[in-house]
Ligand code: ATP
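A single chain, nothing else alongside it, follows as C-alpha cells in the form predicted alone.
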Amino acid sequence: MAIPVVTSIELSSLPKLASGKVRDLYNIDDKTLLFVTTDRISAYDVIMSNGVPLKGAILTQISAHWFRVLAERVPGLKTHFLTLTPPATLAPAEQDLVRGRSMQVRKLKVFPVEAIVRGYITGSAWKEYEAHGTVHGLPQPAGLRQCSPFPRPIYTPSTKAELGQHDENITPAQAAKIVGERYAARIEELALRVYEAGAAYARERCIIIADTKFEFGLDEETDEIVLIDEVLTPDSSRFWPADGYEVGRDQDSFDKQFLRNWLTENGLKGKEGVEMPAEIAEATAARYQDAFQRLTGRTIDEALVELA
C-alpha cells in the first residue's frame, strides 16, 4: 500500500502565520507556535511539484531527537522545542493530521541570517576554493582536496532570503553588521559548538555531517540566543556514510543532494514545476529513513507508533 504524501495542510482551528518551502507555521498563543512539516521538498530554492513519502515526519522526529541530544552535549544551549504533542486547541481530526509531523515551539525573534558551518569542503565551497582559494571570501589553506575536512570547522553565514528568493553568501563581518557585533559573536560560537557536538555524535553512528545550516532566535525577555527551526536534518545538512567516505570525489549521501544531482543531470536545475519520477522520490525517502535510523537507533515507523 502506497504511503500518502502530504504536500498541503490547512488547519481551521489555528491562524496560519506563514508557509515556507517545507513548513507551515501556526499561532497557538502569545508565546507558542506550531511548526507543521509537510512532505514538500525543495532543491536549488525551488519546490518540487510532488513530495517525498514520510519526509515531514522524519524531519520533525529527527529535529526533536537532536534538540534533546544537543541540550545534553552543549552546556548552556537553549532551544525553542517544547513538545511533539499536538495542541489541545486543534480539532481531533486536525490533531491526527499533524501528529508526528508537528512540534510546539517557543515564539522568539528570529535573526535574519543562516548560520552555516562547514566541516568538509564540498558543493559551492569547493567550487569557490578551486577558483579563488577562498570560501565565502575567506582565505583557506592551500592543498585542500574535494570533500577533505577543513583543519577545523568554519563559520560561513548567508542571508536568509524570502520564499522564492536566493540566499546570499556573506562573511562573518557582514553578518555582524546585520545582527550586531555582540549577537553575531555568540551565534558564531554556538553554531560551531553545536556542529562539533552533532558531528561527533553522528560519526559514532557512521554518518559524516559535512556541513549544515542553523537558525537562531532571541529570547527578548532573557536576552538569550536560542537554537530554532529544524536542526541537523537531511534537508539542512549534507550527510555522508562514513564507511564509504573517500577524499577527492563526490560522496554518496543521505540527504537531498541525490535530488540535486538528478535535477542537474537532466537540465532541470532551478526550473519551476518539476515533478520527480516516483523512483527519485522513493530513493530520496529511503535515504532520509536510513539517516533517521542510524542517528536514532529506531525506524521512523517505530517512532510514529510511540506517538499514536
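For every residue, the number given is its place in the sequence shown, counted from 1. Worth saying up front: this structure is predicted, and the values here are computed from it rather than measured.
This next part talks about the form predicted together with the ligand, which is not shown.
Looking at F239, you'd find every heavy atom of it more than 4.5 angstroms from the ligand in the model of the complex. At least one heavy atom of R23 is located within 4.5 Å of the ligand in the model of the complex.
The shortest heavy atom separation between L90 and the ligand in the model of the complex exceeds 4.5 Å. Residue contact check for I228: one or more of its heavy atoms lie within 4.5 Å of the ligand in the model of the complex. Screening L259, M48, L33, A57 for any heavy atom within 4.5 Å of the ligand in the model of the complex leaves a single hit, L33. Taking a 4.5 Å heavy atom cutoff to the ligand in the model of the complex, the contact residue among I178, V110, L138, A71 is V110. Heavy atoms within 4.5 Å of the ligand in the model of the complex map, among the stretches 100-108, 82-90, 116-124, 183-191, onto 100-108 alone.
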